[in-house]
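Shown next as C-alpha cells: one chain only, the form predicted on its own.
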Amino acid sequence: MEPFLNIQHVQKTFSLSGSNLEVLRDIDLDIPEGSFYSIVGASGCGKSTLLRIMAGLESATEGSVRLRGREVKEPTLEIGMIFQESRLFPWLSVRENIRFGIFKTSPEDRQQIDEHIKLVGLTGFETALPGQLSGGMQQRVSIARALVNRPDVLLLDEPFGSLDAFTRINMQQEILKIWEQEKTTIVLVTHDIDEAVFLADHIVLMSRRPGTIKKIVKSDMAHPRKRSSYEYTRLRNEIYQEFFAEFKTDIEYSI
C-alpha cells in the first residue's frame, strides 16, 4: 500500500551569485492521512522551501513528493496552502474572496461558501472587505478559501506569525477545531516550539542549512492540551533541548 503523503530523498539547491547554495538535503518523510505534523527549525533551514515543494509551487533539485502514489509536480486542488500573509483581494468581500478559491463553479457555491464562513467563525461578516477585518479575521478568510475545495492536505506556512499573542492562541484553537471536524491532513511550518507542541501529533525537527531531519517527536497527548500540564512541559523542554543542542548552548529549560 502506497503511503498517503510521501517525501522521498528531496534535495534543493539554489544557484546564487555563480555558486550553488544547498538548502535541503535528503529529506525523507511519510505523513499518514488525517495526521497533524509540524515542522520546526531555525530561520533559513529550508522548512518553508520544503512546504512549497510539497505544494507543487517549487520543484525539488532531486527526489519527489507523492500524494497517494501520484507525484506532485504542480499545484493541485488536493493540496491547499496558507501563507503568513492573508493574501486577500482588498476590493472583494469575504464571500467573494472565498468564492475566488472555488475551481469549478456550481449552483451549490453559495451553500458551500456559507458552510466555510461558519466553519471559521465569520458568520455576519460575509459582505465585509479585508480592510474592515482584523489580522486574525483575515487569516480566517484565507483558511476558508483554502478549504472551500475540500483539499486532502492543508499546508500552513507560519500563518500566525504576524498576529498578536491573544489572536494567535485563538487561531490555534480554530485550526484544531477545523482539523477535528474536517479530518484534513495538516502540515504546519512554524518557528514557535510552543505552537508545535500545542497543535501537532508529530513534530519534525530540522537542522540548520542545509536542512535535514534531525528527529521526529511523537506526541500522544489528547486534545484539548493544557500548556501547564507536566506532560506538555516535559515534551516542550525535550524539543528545546534537541533544538538548542545544535547551537552548543548551555541554556537549560526547566518547568
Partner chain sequence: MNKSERPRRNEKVGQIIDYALFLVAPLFVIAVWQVLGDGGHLNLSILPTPQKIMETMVSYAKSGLLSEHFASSFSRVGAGFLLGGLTGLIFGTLLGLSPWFNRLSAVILGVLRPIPMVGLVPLFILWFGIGEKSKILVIAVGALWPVLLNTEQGIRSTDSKYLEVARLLKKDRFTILRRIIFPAAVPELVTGFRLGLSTAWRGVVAAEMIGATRGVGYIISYGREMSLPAAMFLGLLTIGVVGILIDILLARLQNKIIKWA
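Residue numbers count along the first chain shown, from 1. If you're wondering where the values come from, they're calculated on a predicted model, not measured in any experiment.
Beyond what is shown, the protein has a form predicted in complex with the partner chain; the following relates to that form.
Asker: Given the stretches 68 to 76, 115 to 123, 177 to 185, 162 to 170, which is the single one in contact with the partner chain in the predicted bound form, using a heavy atom cutoff of 4.5 Å?
Answerer: Among the candidates, contact is made by 68 to 76.
Asker: Any of the heavy atoms of Leu88 lying within 4.5 Å of the partner chain in the predicted bound form?
Answerer: Yes, contact at 4.5 Å.
Asker: Decide whether Arg209 counts as a contact residue for the partner chain in the predicted bound form under a heavy atom distance cut-off of 4.5 Å.
Answerer: No, Arg209 sits far enough from the partner chain in the predicted bound form that none of its heavy atoms falls within 4.5 Å.
Asker: With a cut-off of 4.5 Å between heavy atoms, is Gly135 one of the residues that contacts the partner chain in the predicted bound form?
Answerer: No, Gly135 sits far enough from the partner chain in the predicted bound form that none of its heavy atoms falls within 4.5 Å.
Asker: Is Met221 part of the interface with the partner chain in the predicted bound form - any heavy atom within 4.5 Å?
Answerer: No, Met221 is distant from the partner.
Asker: For a quick test of understanding: in the predicted bound form, does each of Phe36, Ile53 and Thr190 have a heavy atom within 4.5 Å of the partner chain?
Answerer: Zero of three within 4.5 Å in the predicted bound form.
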